[in-house]
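Starting off, we have a lone chain in the form predicted on its own, written out as structure tokens.
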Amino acid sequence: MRHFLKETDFSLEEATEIFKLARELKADRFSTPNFLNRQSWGLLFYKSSTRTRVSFEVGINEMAGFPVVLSSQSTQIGRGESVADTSKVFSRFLHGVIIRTFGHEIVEEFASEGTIPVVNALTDFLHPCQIYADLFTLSERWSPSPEAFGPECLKGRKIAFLGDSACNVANSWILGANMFGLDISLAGPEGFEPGPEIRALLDKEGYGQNYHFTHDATEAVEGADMVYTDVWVSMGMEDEAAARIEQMQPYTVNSELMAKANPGAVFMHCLPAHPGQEVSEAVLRSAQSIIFDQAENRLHAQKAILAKLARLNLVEPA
């Protein structure tokens, strides 16, 4: 059974196929093949969602599937039913399940206990669907021609991540950058450097500690082709908000900082954004900002991911 819990659950060759399929689906959205013909896919949310829910729900519909949207609190999980039992039950009803949750161990247990593909739509450790959509977006911009489209154009480019460099999006960018051959520099305050979990995963995947972390925002951004940031206070960290905002102030992506990047550099943010905190309003609304391109591409990239999993697994409910 193939799952998508982290970027490297697909090979680079498979990821390239996904990017090219996403491009085809985007070019002719309303002629999407029935990749999920009459399949029912669960969408289980432990956390609130806008882009993830809408993009997956619309995408499943466009591939002739049926999305079943569930909140953890509206299921028996909210009353203490185990992940193992829930996964086994889902496997009797559904063809796959997409999960947005807290601990990464939750998606891993769903995958190990069930018999249907599991997609990680966000955990506190990784956000692989976001990074595939972002890498697809950069491939669109950096491919030398439509005929030469592909993630090979990413190799050797430099990306910079500012802020909480231990968050799930930063972790996924570190893993994705290594997988696709980008250079990545991260900058954040003391105590917000990449943690032991992502370092262990890099070693397991054979990449080593291939990233640069600094406390100097300018150092990270110099020579970058893309500058990225994320919210300073993630869901579940509201009690730390005041302290985090104070610590992160030197890492606001503003016009002065963007000017240190390469000419033509783009700005990205997975949204929702908080103008005046992690990014200035001027940068967020500038011509360098491609935030809505990457948001739209969640739909196309995720359709391609689900289509790939459906073909690889050919799963019927038990």
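Heads up: residue numbers just count along the shown sequence, starting at 1. Remember, predicted model here, so these are calculated numbers, not experimental data.
There is another form of this protein, the form predicted together with a small molecule, and it is not shown here; the text below is about that form.
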Practice problem: Counting only non-hydrogen atoms, choose the one of 190-198, 126-134, 150-158, 75-83 that falls within 4.5 Å of the small molecule in the predicted complex. | Solution: 126-134
Quiz item: Heavy atom within 4.5 Å of the small molecule in the predicted complex: which of N37, T50, S31, S286?
Solution: T50
Quiz item: What is the one choice in C270, M258, I60, L44 with a heavy atom within 4.5 Å of the small molecule in the predicted complex?
Solution: C270
Exercise. Give a yes or no for R298: in the predicted complex, does one of its heavy atoms lie within 4.5 Å of a heavy atom belonging to the small molecule?
Key: yes
Self-check item: 4.5 angstroms heavy atom contact with the small molecule in the predicted complex for H95
Solution: no
